[in-house]
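Below, in structure tokens: the form predicted alone, a single chain.
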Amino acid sequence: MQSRTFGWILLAPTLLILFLFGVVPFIYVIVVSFHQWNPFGANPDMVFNWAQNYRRIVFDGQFLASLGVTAAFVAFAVASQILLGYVLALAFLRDFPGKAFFRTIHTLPLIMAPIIVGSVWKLMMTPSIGIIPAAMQGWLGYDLNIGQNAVQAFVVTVVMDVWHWTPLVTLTMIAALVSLPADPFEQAQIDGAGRAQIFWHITLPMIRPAILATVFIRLMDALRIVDEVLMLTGGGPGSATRFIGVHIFKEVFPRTNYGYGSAVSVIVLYLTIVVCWLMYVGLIAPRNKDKG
């Protein structure tokens, strides 16, 4: 009994921090989402308006458009990161000249703050001074201008996110592959299984938990991307890169519409939980049930 009490005493500071900086702000956002509140307007008081903010979400064309753009961004970015991260993990598990150097260079984007990443890519993609538009024009004769072309802006944003976060996926894939036991692979080779068969029937099922955990992390991060996009495109041109995080930012700060922005944040959190739950039920729960 004393050891259990001592354990709770040790956990108390962490639980207190989580409560103060996690639970309390979350409850506050929910409360604000049921109010009309513009603290910098003519009437700075919070006015309770029931569920009008949530009703507005359903009929908000900009929100629905940003939700669709965000879904496309998440699908392309996360899928590319998983595939590229796995390929790079396989490459780094092999011995080749300069392996340590390339692994170090590969992980450097992870130490860069998102706003710095957006700033660097903004400099590289600006037509008048950027190296990438100059190279595309000089070598391929292709005019690259993300400030005017919506498709180019979206693609470059995806590439930027892939460049920034693929090293994280690579590290998780390396850890998963290194931890695999050698016996199943040796037995499969003795039985005459090919590389494709070994991958689909041994490697993939064994690293599936690591892949899904990485997908969950990257999915949640990609759904709330803001800093890089604001620095690179500002959400434009038009609404091409107005992702849901950018939409919330513009509602809360430039328009100072705190009530509606809080309601959108709650809806996005709910959608994130639902998507992760569906992935868990569809991919993890049946596997655990079979094992049981």
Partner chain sequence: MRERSPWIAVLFWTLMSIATLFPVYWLFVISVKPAVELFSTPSLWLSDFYWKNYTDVLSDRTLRSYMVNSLIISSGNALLCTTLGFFACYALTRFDLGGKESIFFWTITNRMAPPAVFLLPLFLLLTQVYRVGDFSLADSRTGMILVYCTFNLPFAIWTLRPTLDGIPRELDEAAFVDGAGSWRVIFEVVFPLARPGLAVTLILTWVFAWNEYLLAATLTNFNARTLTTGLSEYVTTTGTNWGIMAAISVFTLIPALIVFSLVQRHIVAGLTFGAVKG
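In this text, rigid core is short for the largest set of C-alphas that superpose within 1.5 Å between two forms. Positions refer to the first chain, counted from 1. None of the values given here were measured: they were computed from a predicted structure.
There is another form of this protein, the form predicted together with its partner chain, and it is not shown here; the text below is about that form.
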| item | value |
| --- | --- |
| Its partner chain contact in the predicted bound form: residue 179, any heavy atom under 4.5 Å | no |
| Residue contact check: residue 235 to its partner chain in the predicted bound form, 4.5 Å heavy atom | no |
| Its partner chain contact at residue 37 in the predicted bound form, heavy atom, 4.5 Å | yes |
| Contact test in the predicted bound form: residue 277 vs its partner chain, heavy atoms, 4.5 Å | no |
| Options 97-105, 143-151, 200-208, 68-76; stretch whose heavy atom lies within 4.5 Å of its partner chain in the predicted bound form | 97-105 |
| Contact at 124, 175 and 253 by its partner chain in the predicted bound form, all three, heavy atom at most 4.5 Å | yes |
| Stretch 205-237: residues contacting its partner chain in the predicted bound form, 4.5 Å heavy atom cut-off | 217, 220, 224, 226, 227, 230, 231 |
| Exceeds or equals 2 Å, Cα of residue 205 between this form and the one not shown, core fit | no |
| Residue 261 C-alpha moves between this form and the one not shown by 2 Å or more, core aligned | yes |
